[in-house]
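One chain comes next, on its own, written out as structure tokens in the form predicted alone.
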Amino acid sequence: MTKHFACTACGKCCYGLLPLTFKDAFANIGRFPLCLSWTPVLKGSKDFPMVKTLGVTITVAKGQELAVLIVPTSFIPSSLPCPALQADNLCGIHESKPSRCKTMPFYPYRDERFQAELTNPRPGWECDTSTSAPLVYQEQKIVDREDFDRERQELLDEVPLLRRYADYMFKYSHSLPNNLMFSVGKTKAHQVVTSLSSFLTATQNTDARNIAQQQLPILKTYAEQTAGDPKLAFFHNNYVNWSKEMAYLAK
């Protein structure tokens, strides 16, 4: 199987949630409203081995094993654009944009063998997948793989820190395992998210005050943008609650 792909700068993929490495999350602390997104995968899923490698595993009801990705995420509704997206649909931080954006359409949280389908544009996206576009995937291998390998390595390097955070959360949030089990197979509206402030506290980040001071106005801005829209209540309520936590850390 061969796959061709080229970006046409339509800007359609620059909306909604953006998974990040911690390196990119903290580099954009004054730009993106950040959280930790928890995505559970059942044992037996094709993605289970890779998620287990990059995340954590837990045992839930009836001895069922889950692998869970814990990912720093720019927490933006699908109806709102990335704050770095310009009016001309070009990236305003192109030279320093996150690894996630550079690696598109590929996804290093998934085994390389299962990347082919990711080259298929979502409805409305204007990616070029014709044979005139560059060859990007062949014989279950990514052709130009520098960005993919770099992002995968960054994720691997962050595993110890994420597992330390997970241990903290499972110790102090007894409802978290049940929430993860409930969210398996659900839509994004049911995803499990936790605050960046909980991560800063759990990992005893020495720069927590400065990070909170930069993140607080971003959260407040997005709380204002999502206020009064019932469809965005999940986002709005989190922005409000996380603002209160960041305000405490920012003192």
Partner chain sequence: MKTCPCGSKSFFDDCCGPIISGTPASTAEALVRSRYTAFVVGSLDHVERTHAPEIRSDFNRAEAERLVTDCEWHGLRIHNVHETGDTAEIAFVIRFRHNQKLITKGSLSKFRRDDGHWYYLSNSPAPHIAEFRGAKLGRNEPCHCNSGKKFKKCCGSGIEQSGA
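Here the structure is a predicted model, which is why all the values come from computation and not from measurement. Positions refer to the first chain, counted from 1.
Although it is not shown, the form predicted together with its partner chain is what the next lines describe.
In the predicted bound form, residue 204 touching its partner chain (heavy atom, 4.5 Å): Taking the distances in the predicted bound form, the answer for residue 204 is yes, it comes within 4.5 Å of its partner chain.
Its partner chain contact at residue 113 in the predicted bound form, heavy atom, 4.5 Å: Although its partner chain is absent here, residue 113 would stay clear of it in the predicted bound form, with no heavy atoms inside 4.5 Å.
Distance check, residue 171 to its partner chain in the predicted bound form, heavy atom within 4.5 Å: Heavy-atom contact with its partner chain at 4.5 Å: present for residue 171.
Partner contact for residue 191 in the predicted bound form: its partner chain, 4.5 angstroms, heavy atom: No - in the predicted bound form, heavy atoms of residue 191 and its partner chain never come within 4.5 Å of each other.
Among 149-157, 73-81, 113-121, 172-180, the region lying within 4.5 Å of its partner chain in the predicted bound form by heavy atom distance: Selected stretch: 172-180.
Within 233-248, the residues that have a heavy atom no more than 4.5 Å from its partner chain in the predicted bound form: Residues within 4.5 Å: 241, 244, 245, 248.
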